[in-house]
Structures are given as C-alpha cells and as structure tokens.
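Have a look below at one chain only, the form predicted on its own, in structure tokens format.
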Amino acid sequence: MPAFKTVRGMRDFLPRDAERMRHVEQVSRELAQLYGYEEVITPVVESYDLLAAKAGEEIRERMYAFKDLGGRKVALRPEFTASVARLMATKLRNKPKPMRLFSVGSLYRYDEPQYGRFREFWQANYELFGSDKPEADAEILMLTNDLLTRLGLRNYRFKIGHMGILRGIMGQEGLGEEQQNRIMQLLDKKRWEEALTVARSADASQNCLTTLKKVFETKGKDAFQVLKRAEESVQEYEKSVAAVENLREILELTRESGVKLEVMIEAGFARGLEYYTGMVFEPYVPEIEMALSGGGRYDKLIELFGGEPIPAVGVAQGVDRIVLAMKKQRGPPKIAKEKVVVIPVDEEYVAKAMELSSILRNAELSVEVEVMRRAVSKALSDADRRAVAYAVIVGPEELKEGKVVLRDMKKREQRVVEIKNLCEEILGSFR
C-alpha cells in the first residue's frame, strides 16, 4: 500500500494545534455575540462568477475553480465577503439595518505554500451592513483590537489607510477602473515604482505622478500628524481630501471612545481586493511578518450583486495566523480546562468510575476514565505524562465510607475526600 500524504498546501491539525485553532474560533464567536453579530453559514462552493466579480486579479488566478457534473463553473470560496454580500442582496435584502453578520470556516486559494500561507486556511469574518458613518468603521477597528487583546497578543500595531485617497487622485486624472485596480495590486505588494510606471503609461499628468509619489511616502505612527501631511499632499483632489477627513473622523472616534490603538498610518496603503472603497487596515505583531487580519469599507459590492445600494464595512480575522502569533509570543491564555482522570483499582470498580466521571462532567470538568485496565501505578504514570491535573482513584476501602482518593498530579500529593465533596474539592483548587 502507498504511504498517503496530505495534498500540497493542506494540513492535518493534531490535537494541540486543533485545540488552539478552535480556541481562537470560540473566542471570535463569543465576541460576535457580545457585539451583536449574528452567525450565518454559507457554502464552501459558490458560483465562479460571484466569487470572481470583485476579488482582484491575483485571487481570481488562484481560485480552485472547476466545472461540476452539471457543467456549471464553480469555485471553492477564497474569502467570505462575496458570499455574505450575496445573502444581503437576496435573502436578507428586506431586513432592517444595520445588520451585523458573523461567519467562520475554511477558505481556499492556490497560493505557493510557505510559512503562514497555505492553500486551505481559516478566517473569522465580521460584516456590518447599512451604515456609511465613521462609527461603523470605528466599531470594526475596536472589535479587532478587542479580539487580539482577549487572545493575549502583545505589541500589535494596526496599519491603516484609505482607498479613497488613491482613488480620488486617479479618478480625477481620468484613469480607468482597470488601470486603478492594477496600480492597487502593485501597491498591495509594495511595488511602488511599478505602480508609478503603470500610472505614467496611462497618461497620468506629472502633477498626478508627483502627488502619488508623495502619498506613497506619507506614513508614520503619529496618526494625526501623518493625516495632516496627507491632506496637504492631495489638496488639489477634492475626493482625496474628503477621504483623509473621513479617516481622521474614524480615528478620532476610536481615540475618544477610550481605545488605545497603536497605529501606523500609510496614505498609500492598498489591499488586493478590488471592492474596497474606504478605510482599510491590517494588524501586525513584530514576531511574524504578515497581517493577522484585514478589513475595510466596501460600499458598492451589494449593488454589484443586484441588491440595493448598501454601505458596508468588515474584517476577516486570520485564525491560522493569529495562532502562529500566539505560539511565537509563547504567551497564549490557557486553552483547555484542567483535566481529571478517574482510575478504578480493578475491573469491579469500572462502573463506579464511569458514574463519578459523569458527575464531574456535569460540574463542567474535563474528565477521562482509565479504559486500558492498567495497574494504578501505570495509569498514574500515563496521566503524569499527559499533564493531567488530578487523578481520582476508586478503590474498595474508600468506597465503603463514600470516599475516593484524590491525587494532585503536580504536587504529587494525595488525600481521601468524600464523594459528595469531590467536585468542590477539584474546582476549588482551580480558582
């Protein structure tokens, strides 16, 4: 028989890594509930035309696209926003606004596998529909900050820009949407000189090229000082000035709400997806050179899919990358509950051991029963190897008095406790 391996770019998650992934997913879901985001589940397979509509050329080229048995061209979803936008344009079109939606799951892109980038990856997605006001953008920033804080990440910084700054310049200069998108894709890859070359070949004026170059160079950690410089650079472009002002409002709201964001403002920052129209952002930690998540405003996507014009802003949290950052910083919060193992001294006490395990699980404890019928010493050795916190040893002498032996595996101490007090004895030690 051949030794089968995973398909290139796909991964198996062994228990500890699966536990970390599910922990980030669970915290993301709990946060969605706290902020009023309702969960939706969309198909992994969607119409190719839907997914390709505004994904960006790079993503279109990397989609897992194929014809199904009915001859329809379909693809595995490369991101969530198109699917959620389809819902808003159809089944949710008449629902009252604002509407907050959450989704989580696996996505697929035919990228070259490397550290932090795989062909199957996971995201937790938050979308806020119906508001074009800066407070909606501020909420998405605050939510992302809240998630990273709850997961115990440190020293992260938000890179923030506004698509309207660049679009305002290029639109006023008469550059077509296709040319603008090409420039945005190059900027997303930090290929500034190539972006200027594309603008030059599109007959952009010298003033346009000079302004774009200034915008590319306008960046820094002092948010409001950078925005002042950006506004001075684009003063001849009305829509760009408005975009700078919009970003200033968003950041002022965030600051006044008491949230302290560490930011790097980049006036020439662009993301690869073509549907963004306003603020865009990505958080980073120093330990890994890649965005942990990314998001921004997209006010025209719902209309593209046949719905009413509905403004929207959202963020996709990179579950895989957040887990990588947590591992690099070596300081993730405790993920699993402390484990307890119940060990019967021989087969006569297996049923009692299983009864006690049910009682402990009803108290929300994570419990395993010794099912290998090993001697107590070997069962304890195995429990120690797997970092179990407590062992409950069920034997005849103690049971006659309604008691069991409770062993603290870390301290290597044990005592006899009454069964009626067992849950409280264990839970009390965790507090």
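Everything numeric in this text was worked out from a predicted model, so none of it was measured. For every residue, the number given is its place in the sequence shown, counted from 1.
Keep in mind that the form predicted together with adenosine monophosphate is not shown, yet the notes after this line are about it.
Chemist: Any idea which of 67-75, 159-167, 256-264, 317-325 reaches within 4.5 Å of adenosine monophosphate in the predicted bound form, heavy atoms considered?
Modeler: This holds for exactly one stretch, 317-325.
Chemist: Which one of 123, 211, 144, 180 is close to adenosine monophosphate in the predicted bound form, taking close to mean a heavy atom within 4.5 Å?
Modeler: Partner contact (heavy atom, 4.5 Å) among the options: 123.
Chemist: Only one of 232, 217, 346, 111 has a non-hydrogen atom within 4.5 angstroms of adenosine monophosphate in the predicted bound form; which is it?
Modeler: Selected residue: 111.
Chemist: Consider residue 292 of the chain shown here, and say whether it contacts adenosine monophosphate in the predicted bound form, taking contact as heavy atoms within 4.5 Å.
Modeler: The answer is yes: residue 292 has a heavy atom within 4.5 Å of adenosine monophosphate.
Chemist: If we define contact as a non-hydrogen atom of the residue within 4.5 angstroms of the partner, is residue 117 a contact of adenosine monophosphate in the predicted bound form?
Modeler: Yes.
Chemist: Please tell me whether any heavy atom belonging to residue 352 falls inside 4.5 Å of a heavy atom of adenosine monophosphate, as the geometry stands in the predicted bound form.
Modeler: No, residue 352 sits far enough from adenosine monophosphate in the predicted bound form that none of its heavy atoms falls within 4.5 Å.
Chemist: Looking in the predicted bound form, any heavy atom of residue 100 within 4.5 Å of adenosine monophosphate?
Modeler: No.
Chemist: Mind listing which residues of 217-234 have a heavy atom within 4.5 Å of adenosine monophosphate in the predicted bound form?
Modeler: The stretch does not touch the partner at all.
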